[in-house]
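The chain below stands alone and is given in structure tokens; this is the form predicted alone.
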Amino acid sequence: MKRSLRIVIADDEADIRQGFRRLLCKLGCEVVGEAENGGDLIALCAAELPDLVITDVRMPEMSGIEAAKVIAKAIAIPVIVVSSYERPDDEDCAFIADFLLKPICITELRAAINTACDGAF
């Protein structure tokens, strides 16, 4: 039996985190932690060593892009970035497995996870 993906999600809005939790549960993934900012995301990744990170770009204290850069230097964890605004600059994309524009549907999320985690589904 294939184990479920262990995922950490980060967004400063609790309702968005809850939405991701519901979608990821439908996909059979396990959410092992939630963060409200980039600093908490880095600490959570070091503690949980998840299979995947899904993070918003704009968060207080440290953005999802800045956190992804720090995580990439320390641990090889793929990162999917989500945003209500624009795609990050190309120089930021080296740390990103995929990018999704909000609002996100389950089909787009499944495809992004497949890309980030080498055909997880």
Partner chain sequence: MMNERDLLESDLRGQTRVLKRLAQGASLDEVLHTLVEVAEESRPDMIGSVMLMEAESGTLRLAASRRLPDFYCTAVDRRIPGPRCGSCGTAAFTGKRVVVEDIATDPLWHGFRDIPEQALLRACWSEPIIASTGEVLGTFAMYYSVPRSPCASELEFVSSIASLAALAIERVRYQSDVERERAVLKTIVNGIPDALLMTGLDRNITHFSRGACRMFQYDADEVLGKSTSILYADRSDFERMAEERFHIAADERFEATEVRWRRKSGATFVGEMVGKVIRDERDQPLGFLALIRDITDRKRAEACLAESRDKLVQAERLAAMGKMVSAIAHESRNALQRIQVGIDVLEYDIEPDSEAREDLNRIRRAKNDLQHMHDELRSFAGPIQLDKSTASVAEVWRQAWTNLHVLHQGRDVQLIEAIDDADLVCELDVFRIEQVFRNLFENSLAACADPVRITIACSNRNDGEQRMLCVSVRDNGPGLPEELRARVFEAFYTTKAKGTGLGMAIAERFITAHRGTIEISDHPDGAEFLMTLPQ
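Please read these numbers as outputs of a predicted model, since none were measured by experiment. Numbering follows the first chain given and starts at 1.
We do not show the form predicted in complex with its partner chain, though everything after this point is about it.
Taking the partner from elsewhere, residue 111 is found to have every heavy atom lying beyond 4.5 Å of its partner chain in the predicted bound form. In the predicted bound form, none of the heavy atoms of residue 70 sits within 4.5 Å of a heavy atom of its partner chain. Under a 4.5 angstroms non-hydrogen atom cutoff, its partner chain in the predicted bound form lacks residue 62 among its neighbouring residues. Although the partner is absent here, residue 27 lies within 4.5 Å of its partner chain in the predicted bound form, judged by heavy atoms. The stretch among 30-38, 46-54, 79-87, 62-70 whose residues place heavy atoms within 4.5 Å of its partner chain in the predicted bound form is 79-87. Of all the residues from 100-116, those having a non-hydrogen atom no more than 4.5 Å from its partner chain in the predicted bound form are 101, 102, 103, 104, 105, 106, 110.
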